[in-house]
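Take a look at this single chain, the form predicted alone, given in structure tokens.
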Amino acid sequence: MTRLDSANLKPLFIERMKELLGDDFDNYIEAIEREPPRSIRCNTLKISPSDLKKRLEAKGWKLSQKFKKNPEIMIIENELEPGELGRSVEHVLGYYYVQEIASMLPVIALNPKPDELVLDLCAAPGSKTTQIASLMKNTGTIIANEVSLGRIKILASNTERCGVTNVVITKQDGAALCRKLKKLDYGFDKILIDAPCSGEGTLRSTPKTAIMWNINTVRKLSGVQKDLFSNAFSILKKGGEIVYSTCTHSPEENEGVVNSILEEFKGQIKIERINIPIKSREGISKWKEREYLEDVKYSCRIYPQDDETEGFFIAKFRKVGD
């Protein structure tokens, strides 16, 4: 894997991260320059974590499961042959999904249950859709939406490989899909918005993000994210829950969106505390000249230096009024 060279980080990005992290900035730089741990998620639709562990260890793999409440999360401790992770029989059969630990956390926070109606609004490539199906035990219904045809093919391939049978795949702009579903009087129990974002949290695994990063993209995407959430909230049942997540550190795309949502739906929405199995930090209360509502702190910031993961942001909401 190509390692990130922090010399490729743009000056404005560095300035912003220093403002966010203060004295912890150097620890952040050291973390993103290290190779991230390789992790997989056991697909419990097809095999138990204990049986998968036995099979992989018989091949000479060394695995650790450091999250007792989430034994499906496995970290590979030894070196494998190039490409071995993706070409193993167990992977081809759908016994596991190659997934970064932080990427698993939004679905853990959402906690979908069997027989629920769930919307995965930005679903490709299918890591979270297959994770949702696993927790739902292939019952209920998942609508997995993706706007790109090319990415839909990957989504369909992954759900099929993992044995997911309770999913309906749709191709639509996310906000437009929600407006159509509203006309049909749909009401979802759970909605996941793993929103398109500037990707600042993926620097460890995707170093080219450092070259592609642009502040104008950050500002543009925050508008897209707010629109996705506003439309999704309209088709959530009273008492239902939404998880909003990004793989970026940018406050405009994170706390800025959360704050706008809490203001827009005041009296109808409540932000919930999140229970996830790794270390996280509270949402920030202020960015530049803008101060956020106090409840924004209940969102979670996940940094690479805290628990050897990628960077992520997660906020969970409950609909309390119409």
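Residue numbers run from 1 along the displayed sequence. Just so you know, these numbers come straight off a predicted model, no measurement behind them.
As for the form predicted in complex with ligand SAM, it is not shown, yet the points below apply to it.
To verify the annotation, which of these, 236, 228, 109, 167, has a non-hydrogen atom within 4.5 Å of ligand SAM in the model of the complex?
Among 236, 228, 109, 167, a heavy atom within 4.5 Å of ligand SAM in the model of the complex occurs only for 228.
Interface residue in the model of the complex among 101, 123, 203, 191, criterion: non-hydrogen atom within 4.5 angstroms of ligand SAM
For this set of options, the contacting one is 123.
Should residue 196 be counted as a contact of ligand SAM in the model of the complex, where contact means heavy atoms within 4.5 Å?
Although ligand SAM is absent here, residue 196 would touch it in the model of the complex, with heavy atoms inside 4.5 Å.
Check residue 128 for me: does it contact ligand SAM in the model of the complex (non-hydrogen atoms, 4.5 angstroms)?
Yes.
Tell me, yes or no, whether residue 214 is in contact with ligand SAM in the model of the complex, where a contact means a heavy atom of each within 4.5 Å.
Although ligand SAM is absent here, residue 214 would stay clear of it in the model of the complex, with no heavy atoms inside 4.5 Å.
Check whether residue 148 has any heavy atom within 4.5 Å of a heavy atom of ligand SAM in the model of the complex, and answer yes or no.
Yes.
Region of this chain that lies against ligand SAM in the model of the complex, out of 78-86, 173-181, 206-214, 111-119 [heavy atom, 4.5 Å]:
Contact criterion met by 173-181 only.
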